[in-house]
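One protein chain, two forms: both are listed below as structure tokens, the first as structure 1 and the second as structure 2.
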Structure 1
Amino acid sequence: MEEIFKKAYEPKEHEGVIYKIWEESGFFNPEKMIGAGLTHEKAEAYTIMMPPPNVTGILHMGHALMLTLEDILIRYHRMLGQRTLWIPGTDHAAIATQARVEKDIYKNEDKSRYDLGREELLKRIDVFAKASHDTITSQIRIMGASCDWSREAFTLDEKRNFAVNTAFKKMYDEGLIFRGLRVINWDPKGQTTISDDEIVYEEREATLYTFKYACDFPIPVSTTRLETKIGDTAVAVHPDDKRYQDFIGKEYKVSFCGEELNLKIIADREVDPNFGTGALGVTPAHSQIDALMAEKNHLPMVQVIDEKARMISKNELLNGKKVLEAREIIANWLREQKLLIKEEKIKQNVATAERTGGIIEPLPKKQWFVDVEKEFVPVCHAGATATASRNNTDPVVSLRDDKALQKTSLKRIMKKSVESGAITILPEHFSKIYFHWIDNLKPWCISRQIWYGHRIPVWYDEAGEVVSVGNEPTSAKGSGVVMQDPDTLDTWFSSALWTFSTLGWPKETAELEIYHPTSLLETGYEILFFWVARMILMSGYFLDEVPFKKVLLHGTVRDAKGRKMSKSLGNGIDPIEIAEKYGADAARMALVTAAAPGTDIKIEENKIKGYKHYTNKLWNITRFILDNTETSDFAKLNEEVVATTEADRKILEEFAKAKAKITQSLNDLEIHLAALEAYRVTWNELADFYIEASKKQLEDPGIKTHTQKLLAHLLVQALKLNHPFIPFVTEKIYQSLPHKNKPLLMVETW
């Protein structure tokens, strides 16, 4: 027996070495598996694209969970003999990364991004991103992820940039990407536009002012944002409101705090007649709802607040003032003029930016949008023509709207992908949430006023007209200076292409043929809309197929008290520290067994400690079996097994049952049940029951040899059944058994 089994299992001593052996074998790469004759070339493909962690620092428990679940499935499918590919990568996470670096620079050098300039800031971010990338990829290795590093991708590398620009151009040409003046969510702190999904609402107390614009103005209105009232161009009432019927359609000129306002009385069903006075001052430039009303009624839009959340006004007292100061000034003016009718405190939800905490200021700005409603006739994309001949088991459902025969929209593509069953979302109830989201979908604002990211591939002439779109600026015919759009793309635009930009798209590669659509997307439910839906959109549009056949959503990892792990609470558990202390195997077991699909996961150190005991249990099972079997070639012992005693029959039956259950659970993506079953059969059946029974059998010369064979057989079976969950200890044991030649457990058959 090898020396190492004489003491307790020490994960730290073995895990790094084992990972190196795996990586150097090349078998994370499916083509290498085929080359070595371990996988059949025609074998069904099984593909997962790793959700790329942000290059904003280090791996957290959520990543560890994601890696664990995906690695279990990948190892299982590799052992099944499928052509198994798992592509790793990282995400540039534009806003998050830039904000992180800017914060550091501000702290250390007291400089803003404008002090550094675009080029210098980008240099600094690249350095940070590179370091962060290196940390993260080494941590992914520590967790034991058997992903194909030869195909590693970054959402902002050259290949992905080419894909992004190609995608942008194509959608622009189709009219699906347009530029428009919209009231968007402006973050004055981050100096950028943010999407609706990046807003968090905070409840605060606000003052609701009820006032009249002028003494001869007939309708009093209520507002919490007095300062925006100098930008009002209408007053809206409910069309059925009896009080105001006579005024609808009339126009009034008023002098309001040094500004001349032209106010039209309009009727709109959006107005709640029971709130305030039942009348609403319409500020088209600084409220999204108001902008819609203004569009319907052809009202002018007057911007009165700038990007720094300061006033723009003809009134010298107001101009350049912060919004809160302006609010006071106007309130005082109203009091002096005796126009202020009422002041009351109300609770109000204030929109703030998730990343910076800045209070959102709705502003009109020219932005780039993806139009999700626009109907278009899909071109038969090159990729789509080949779908019929694809090497995939499931028929590829065309995502075009059959009824309309020709026309569809991005929204319909997104809906149909799930509705038709081409994509299954697990747990199933998330489908409802998905459909609900799609029904309420608005144009997707894809431009961001930050510097880190894919720069919008649009060039303008001096007049600001678009002269070129795509990968390279084509020289404008005779026109003057050509300037690239200063903005960058929403980070989700590039990650939306992830399932196929990682496979060589827009080139028509063999890889796309073989590995797309991918088999499964495994990710947290919190990015169902940000990411999952947008991948469905892009894949449906560019390839006329779904990006993945199944979506498995896991929950948020929380601490023992059910709180989210966060830096500010200091309750985070670092997966790498844990792996260091108890082994990656133990961390994996603790995570997977707690992870029922879609439910949040509570984790505490004790649980992980418990699973370290489990790896040691397996270690001791091995020690016992090696102690009681003398052989130079373990594989031979493992060959044929027959049951002679009652205990033999029972244990073989238990193993057969366990194998069936684990297989079934993994196929059903009930990974936690599979892991618990492996644990149960190993500890309760093999260790507690059969090893105890074998002690007597080994003393009986008549059945001693037979019992040894059976023990050897059971050990190998147990190693295989456990390998997807706890790959390191099982591989280490397998490597240490007396084999004539030393195969890798990782590539053994299930």
Structure 2
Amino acid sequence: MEEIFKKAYEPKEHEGVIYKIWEESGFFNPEKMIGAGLTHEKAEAYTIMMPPPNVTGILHMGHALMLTLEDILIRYHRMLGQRTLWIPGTDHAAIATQARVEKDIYKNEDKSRYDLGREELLKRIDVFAKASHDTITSQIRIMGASCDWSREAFTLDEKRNFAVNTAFKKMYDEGLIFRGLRVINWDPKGQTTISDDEIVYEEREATLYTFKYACDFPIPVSTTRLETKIGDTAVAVHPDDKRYQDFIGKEYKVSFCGEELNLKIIADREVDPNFGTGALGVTPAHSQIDALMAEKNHLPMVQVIDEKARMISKNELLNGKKVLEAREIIANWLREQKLLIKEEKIKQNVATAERTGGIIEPLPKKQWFVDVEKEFVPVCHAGATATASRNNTDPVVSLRDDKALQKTSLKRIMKKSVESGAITILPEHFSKIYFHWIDNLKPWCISRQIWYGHRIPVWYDEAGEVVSVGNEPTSAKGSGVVMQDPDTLDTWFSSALWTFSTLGWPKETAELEIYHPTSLLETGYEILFFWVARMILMSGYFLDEVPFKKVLLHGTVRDAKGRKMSKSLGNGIDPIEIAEKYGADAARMALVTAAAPGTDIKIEENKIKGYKHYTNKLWNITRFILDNTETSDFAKLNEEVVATTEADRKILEEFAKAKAKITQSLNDLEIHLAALEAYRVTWNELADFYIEASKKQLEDPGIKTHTQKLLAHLLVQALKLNHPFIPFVTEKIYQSLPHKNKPLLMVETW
């Protein structure tokens, strides 16, 4: 027996060394496995693309959970002998990363991005992103992730940039990407547009004002945003509201707080007759709903708030004021004019930007959009096939409509991908949420007014006309006549290509043929719409196939009281500090055993400490077995063993049941149940029951040799069953057993 087993297991002494052995073996790469004869080249492929962590800092417990769940599945399928690929990567996370660097620059140098200029700011961001990337990839290794580092990708690297530009051009040429003037979500703090999905609603107290525009104006209205009323061009009422029937279609000129307004009374079924006065002041430039009303009724659009959330007004008292100041000025004016009928305090959901916390201002701006409803005749783009699956024997469901040349839309592609059963979302109730989101999906605004990210590949002449899309025109170089669009693309546009851009698309590669569609996407339920749905959109459009066959959604990692972890609460747990203190295996077990699909989990340090005892228990089991056996080659212990005693029969039966249950649970993606079963059979059955029973059997010369062999056999089986969950300690033990070939447990047969 090796000396190391004579003392307690110390994870930090072994985990780094073990990971280095794994990585240097090359067996994270499925082709190396094939070359070593450990996997057959015709074996079924099992592929996962790692959801790329943002290069904005360090990993948190949510990342640790994701890495743990995916690594468990990868290790299991690798041991099954499948052609197993897990591609790692990081995301440039444009808005978040630029905001973080800008904040640091302003704090340290009192300078804005405009003081530095685009080129200098991008240099600073690149340095920050590189340092963050290096930290993150180091942390991924600490958690034991057995991903193929030779294929690592970054959403903003050269290959992904080529894929993004190719995708943009193809969609532009098909008319699915367009530029138009629309009311969008503007983040004054981040100085950029954001999508509907990047909005966080916060409940805040507000004042609901009920007022009349003028003494002789017939209809009072209610609003919480008085400052926008100088941009009103109509008042909308419900067509069935009997109070206002006689006014529909009439127009009124009023003088309102220094602005001359022309208000038309219109009828619209979107108006709630039971809210406020049942009448709505229509501000087309500062509300997406009002903009639709204005379009239907041919109303003008008057912008009264700018990009810095300051007023645009002919009234000097209002012009240039912040919106909250302007609100109070108008409220005072209404009071003076005796037009303010009522003020009442209410609770209101305020739209804020997820990344910066800025209050959203709906503004009319010319932006780039993906048209999800436009109909088109699908064409088979590069790398596409819809006849047979490339990585198993299941047929691929074509995402085109049934008739060969029948038109479809991106919305229908997204819906059919799940509706047809080509993709299974787990837990199942998230499918209903997915369909509801698609049914309400509007054109996707993909342009962002920031400098970091994939720059929109469109060039204009001096007149503002598009002269090139996808590639810089030759005439642009050095001429100064042609200008590239200054905006960048929404981060989710590039990450939506992740499953196939990481496999060489837009080129037709062997990897794309073998590993796509991927087997599984495992990610947090909070990005079902941000990322999952958009990957389905892109893969369906470009490849006419789904990007993955199953989606497994995990919940949010919370503290012991069920609170979300945050800096403000001071309740965060650093997974790397935990790994340093108790070992990555303990952290992994604490996370996975609580991670029922789709549900939030509670985690506390004491629970992690408890699983440190589990790794040490396995260590002690090994010490006992090595002390009491004379087996010279553990590699031969896969042969059938026979029960001699009742205890033998029971333990073999328990291990057979455990292996079947763990296997079935992993196949069903009930990973927490698999981990709990591995724990049960190891601690309760092997340690508490059989090792105690074996002590007496080892004293019986008639069955001693058999008991020794069975103990050695059970140890190997326990190491295999536990390996996906606690890979470091199991690998260290396996490497320390008497072997003639010194194999890696990581590539042993399940």
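Numbering for residues begins at 1 and runs along the sequence of structure 1. Here, rigid core means the biggest group of C-alpha atoms that superpose within 1.5 Å across both forms. No experiment lies behind these values; they were computed from the predicted model shown.
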Q) With each form of the chain shown alone, which structure should be assigned as the form predicted together with the RNA? A) 1
Q. When C-alpha atoms are superposed, by how many degrees is the smaller rigid part rotated relative to the larger between the two structures?
A. 7
Q: Report, in Å with one decimal, the C-alpha displacement of I248 between the two structures after core superposition.
A: 2.6
Q: Fit the two forms on their core, then tell me the C-alpha shift of W333 between the two structures in angstrom.
A: 4.2
